[in-house]
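Quick heads-up: it's one chain on its own, the form predicted alone, in structure tokens.
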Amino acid sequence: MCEDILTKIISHPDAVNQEEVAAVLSDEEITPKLFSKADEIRRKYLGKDVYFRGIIEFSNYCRNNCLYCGIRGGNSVVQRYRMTPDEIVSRAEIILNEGIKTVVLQSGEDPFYTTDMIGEIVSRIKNLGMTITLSIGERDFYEYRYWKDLGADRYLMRHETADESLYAQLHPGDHFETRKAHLLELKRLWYEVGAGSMVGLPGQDDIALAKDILFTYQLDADMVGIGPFIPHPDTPLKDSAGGSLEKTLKMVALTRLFLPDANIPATTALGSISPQGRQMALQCGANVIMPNFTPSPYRAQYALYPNKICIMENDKACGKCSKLLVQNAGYEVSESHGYRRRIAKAHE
């Protein structure tokens, strides 16, 4: 039965329902075929290229109190920091000198960085000839337009879960429909838009995970980041079980079947729960690696979850290490800006 569902996803994704996606997620026997099919689809439409995006985590202040996050506003233990515009631009120059043409500017939801401050940073980095991804949470709609006009290319805003009830539980005072509205506005402004989810959240079942996959398909997300839930000791979910490697990889693989031309990262969180996690993700349909270029001592303080890999490396080591990882996994490091390859009638 599940083999028929895989065929249906590839040929008629609009006709696939939550129960069918959940059935594949719960079927262990289909896993090898799912992984193989996802890699086949990825190679067919995207080849062996792996795109690189250099991350700068420029502030760990956050006004939100998401129950799973180590930098939540209510965590009084974390040591806070903010990078200056000059520091941020300097890191972008280092990323470019490493041959990586895309920078990801990531932070908590920190209102200290005003519309104009972010605009200045975007303008200066754009003048370097780089592609810019913003990942700074929900902001006012006029800001998205302003930054797009200044040269921002992409906006990454993971939805974490598309199950409305679970979303409300994990995000005090917030609602999934609000996050959805922001993602749709970003699409309207012609950003390349990234969404994505966590796997293994408390109270999450396979139907909830199926909702995540179908949401990113219906959104036609240009990038989908999927990682395991890793409980942080300084959060309300500290005693919860974490997400599994296999279930997360199945989510990556299914997303590739639904969105054959989207960019899907092999997330750092996967590498944090398994030494081979990112390599396995590449073999299950992922095609993006995001090495960390946050400088010390800030890198260790941007702790969304514990035991994050690469936090003690030299400033430039993460880029070189990631390139070796890709090559050892049998794929090729792309030196392009890594835009989504829009493929007409991708499912035919």
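Just so you know, these numbers come straight off a predicted model, no measurement behind them. Residue numbers run from 1 along the displayed sequence.
Keep in mind that the form predicted together with 5'-deoxyadenosine (5AD) is not shown, yet the notes after this line are about it.
Proximity to 5'-deoxyadenosine (5AD) in the model of the complex, taken as a non-hydrogen atom within 4.5 angstroms, holds for one residue of Arg158, Lys180, Lys148, Lys187, which is Arg158.
Between 5'-deoxyadenosine (5AD) and the residues Val50, Cys69, Cys62, Leu34, the one pair within 4.5 Å by heavy atoms in the model of the complex involves Cys69.
Of the heavy atoms in Ala210, none are within 4.5 Å of 5'-deoxyadenosine (5AD) in the model of the complex.
Met198 belongs to the set of residues with a heavy atom inside 4.5 Å of 5'-deoxyadenosine (5AD) in the model of the complex. When 5'-deoxyadenosine (5AD) is considered in the model of the complex, Gly271 lies well away from it, no heavy atom lying within 4.5 Å. 5'-deoxyadenosine (5AD) in the model of the complex comes within 4.5 Å of a heavy atom belonging to Pro228.
Residues placing heavy atoms within 4.5 Å of 5'-deoxyadenosine (5AD) in the model of the complex fall in a single listed stretch, namely 298 to 306, out of 36 to 44, 279 to 287, 298 to 306, 23 to 31.
Along 87 to 123, a single residue, Gln106, places a heavy atom within 4.5 Å of 5'-deoxyadenosine (5AD) in the model of the complex.
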